[in-house]
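First, one chain by itself: the form predicted alone, in structure tokens.
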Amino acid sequence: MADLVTQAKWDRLAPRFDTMASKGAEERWRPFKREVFREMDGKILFLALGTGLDLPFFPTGKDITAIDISPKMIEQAQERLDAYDGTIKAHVMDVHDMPFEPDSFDQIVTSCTFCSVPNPIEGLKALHRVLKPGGRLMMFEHTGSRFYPFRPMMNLMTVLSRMIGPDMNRPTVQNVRAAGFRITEVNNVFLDVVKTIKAYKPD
């Protein structure tokens, strides 16, 4: 069953999400996102779709299932979904409660997602379940920092930020390991706060 509190939060944000995400940030992270997305292949699960800001960075001709907890976000994404040169099916769905069969996908891709999943380790375990053995998890994420003064600052910011959007201090690399994935690569894009994470599901 979907988390209706989380769904309502993102439904409220959907009409102004593009403005909040800001064109500047999208331009800044574009080359790093493209670097992750260019490896997309096989049967792919993408979450969370949001308003589809990442879709123009996807390689063409791919077979993608995209999910988001917010129907309003998917409505906002429709024009970008229609413009994608490939196969992409969007579903309103909570990552904690996905109906997909085990071992359904060759790859799972996330983009600034696990700062917002209410129960991140359980969400990652759900991804682990639907990924094929040997399948890859590829992530572009912002996380908490290990360093002073960023760590206490981000802990403080999270008290407010989680009310209207993401947590700022998630230990996502550790969460990926805790969910049963084997990490192959972590690259810091900005300090140790924005990073790419690549992992796989052991056979």
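One-based numbering along the sequence shown. Please read these numbers as outputs of a predicted model, since none were measured by experiment.
This protein has a second form, the form predicted in complex with a small molecule, left out of what is shown; the following refers to that one.
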To test your reading of this chain, name the stretch in 126-134, 112-120, 82-90, 99-107 whose heavy atoms come within 4.5 Å of the small molecule in the predicted bound form. 112-120
Counting heavy atoms only and using a 4.5 Å cut-off, do M40, I64 and A77 all touch the small molecule in the predicted bound form? no
Test of understanding: in the predicted bound form, would T196 fall inside 4.5 Å of the small molecule by heavy atoms? no
Would you check, heavy atoms only and a 4.5 Å threshold, whether S70 touches the small molecule in the predicted bound form? yes
Could you confirm whether I44 comes within 4.5 Å of the small molecule in the predicted bound form, counting heavy atoms only? no
Even though the partner isn't displayed, in the predicted bound form is A48 close enough to the small molecule, meaning a heavy atom within 4.5 Å? yes
